[in-house]
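Just one chain follows, in the form predicted alone, and it is written as structure tokens.
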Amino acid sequence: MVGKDRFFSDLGRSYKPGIITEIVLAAFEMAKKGKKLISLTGGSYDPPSLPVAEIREVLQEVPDTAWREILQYGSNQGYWRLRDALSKFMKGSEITVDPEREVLVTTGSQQALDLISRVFINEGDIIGVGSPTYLAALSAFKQFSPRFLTIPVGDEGLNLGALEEELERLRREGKGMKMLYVVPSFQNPTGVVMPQPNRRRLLEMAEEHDFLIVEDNPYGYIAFEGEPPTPIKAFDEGGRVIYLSTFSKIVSPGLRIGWVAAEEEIVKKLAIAKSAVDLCSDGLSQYVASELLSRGVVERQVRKVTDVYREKRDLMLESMEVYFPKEAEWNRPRGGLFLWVRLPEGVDASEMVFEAVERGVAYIPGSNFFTDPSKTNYMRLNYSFPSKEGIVEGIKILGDLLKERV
């Protein structure tokens, strides 16, 4: 067969398999050989905790009138009952929005990141991101060739002092940052939380330096110690925050329900962009999501998985204390789905992952979360998906491998 590479656009040529794709392919190969692979990779849901019975019940009770509505094309902004239910759900996080004009339903929050990229990013625009930050957000933004302004992430999230220095430098050069992407609550990949005073200060900086904030909040509901953090959007009086969230971590990733809360002008533009991508989100999933919210299932699921993930986090931490070399360092996340591990200099987690897969365990190398891929001595571990037995066995395999490398 003749190669078709010459037909691809520049953007098309830039699409290459990521590390998660490579790990999935390796898992398929291992399965063909009859071997198992313990996945400590993506933030998938705990399988026994999925709300199977509740979703089955919703589907069994759909009235005929609703079937005729949800099986048709729907609004590009989203099913009206779901937008209304989401606005009520967000009030629990102190976010007040108009469901008719300020909420957009998306096919997962990844679509929201793609739409924001399409609507806001021109080539060369300065986009602020954490270092490290969510790898799929970087992928979405890179499609449109921005210039990344990387801000260190520490124990309190984004280093606002470093951000202010960069913004002042840009101002002296007659430039400015257009948009800042931030995951302030149980950040992916580090699990850290931005304190409330920092959230308010970030909004002040956005006003002073005239930029937008994209607040991504998939994990903020899953708080192991105390109440979930109040989102930045709750303090937003100037309409500068574009808030994203999703069902993927709290209900089901397979439903593909995400949403955006923002000013009407922004929601309208994103909805038009969505029309060019998929016309509208899946009506059946939106109906199920609206019913799960109205029946209180979502709140119950949040409480359920919080307890499950707290126990799994503790087990992973205990296992690491036993099996990991003393030279490795890691954090104790107060919520969310991930542990962030710093390995000794000279240990390349990107190179080591393939030997780990051969031994039966997979993780995500930390270099994928930086705009600078040379930072290779980090790894992200997930505790939400694997079984308890898998966590212990997987950490032991990784610990043995690391001890050979240190």
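Start at 1 with the first residue shown and count on from there. As the structure is a prediction and not an experimental result, all values here were calculated from the model.
Below: the form predicted in complex with a further copy of the same chain, not depicted.
- With a further copy of the same chain left out of view, the stretch that reaches within 4.5 Å of it through heavy atoms in the predicted bound form is, among 252 to 260, 88 to 96, 197 to 205, 319 to 327, 252 to 260.
- Contact annotation for Tyr181: none of its heavy atoms lies within 4.5 Å of a further copy of the same chain in the predicted bound form.
- When contacts are judged by a 4.5 Å heavy atom cut-off, Gly43 counts as touching a further copy of the same chain in the predicted bound form.
- Interface membership of Pro146, defined by any non-hydrogen atom within 4.5 Å of a further copy of the same chain in the predicted bound form, is ruled out.
- Contact between Gly346 and a further copy of the same chain in the predicted bound form is not found at the 4.5 Å heavy atom cutoff.
- Residue in contact with a further copy of the same chain in the predicted bound form (any heavy atom within 4.5 Å), chosen from Ile272, Ala234, Val302, Leu170: Ile272.
- The listed set Asp155, Glu165, Asp210, Asp307 contains one residue whose heavy atoms approach a further copy of the same chain in the predicted bound form to within 4.5 Å, identified as Asp210.
- If you take 334 to 359 and check each residue for a heavy atom within 4.5 Å of a further copy of the same chain in the predicted bound form, you get nothing at all.
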